[in-house]
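Take a look at this single chain in structure tokens; it is the form predicted alone.
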């Protein structure tokens, strides 16, 4: 009988774990949406829990503090962005550098970036939040840089290559900030074309 009970217990745990993962996923997605729509001030745990369709107690079971919830949400955003970018170029380095530049810019011109930005602004004024977001942003920045280097087939042993790739990412972030105020797609496309040409010149001239 003991063996039968153990089997039933194991079978019951799996659906429970699935439900827990599903609840956590809903909370992260709701937190991202709330940050993008309402900013830090309007995105309380209660608001996120309501949007996710769970109780506040369930939210705090997964994320004991507000800072835990929103840093996890932005980390989730970063992982989603990286996954989406790699999925666009599953074979690795792309022949069309303009397509890579355009994809990188797209990372910074949507609701996911908007949510991250709200957290950065909040971190600048919240002492408890600042070190966590700073560490997270540094890690995300390193990962994005690695992805860009891989997709562009850039050899950073050559002088100036690393700075050129980092300049591309800084430019993409700047376009994302500008996009918060106005969606000037035509201007963005011209900038993307120019940066692709610059990358071709720098990367193809490396010895």
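Predicted model only: the values in this text are computed from it and were never measured. Numbering follows the first chain given and starts at 1.
Note that the form predicted in complex with a further copy of the same chain isn't included here; everything after this is about it.
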Checklist entry - With the partner removed from view, which of 147 to 155, 34 to 42, 49 to 57, 62 to 70 is the stretch that lies within 4.5 Å of a further copy of the same chain in the predicted complex, judged by heavy atom distances? => result 34 to 42
Next on the checklist: Check for me: heavy atom within 4.5 Å of a further copy of the same chain in the predicted complex, for each of 83, 127 and 139, yes or no.
Outcome noted: no
Item to check | 4.5 angstroms heavy atom contact with a further copy of the same chain in the predicted complex for residue 89 | outcome: no
Next on the checklist: My question is simply whether residue 117 lines the interface with a further copy of the same chain in the predicted complex - judged by any non-hydrogen atom within 4.5 Å.
Outcome noted: yes
Checklist entry - Would residue 27 count as a contact of a further copy of the same chain in the predicted complex, using a 4.5 angstroms cut-off between non-hydrogen atoms? => result no
Checklist entry - Counting only non-hydrogen atoms and a 4.5 angstroms cut-off, does residue 121 reach a further copy of the same chain in the predicted complex? => result yes
Next on the checklist: Only counting heavy atoms and a 4.5 Å limit, does any residue of 132 to 149 reach a further copy of the same chain in the predicted complex, and if so which ones?
Outcome noted: 133, 134
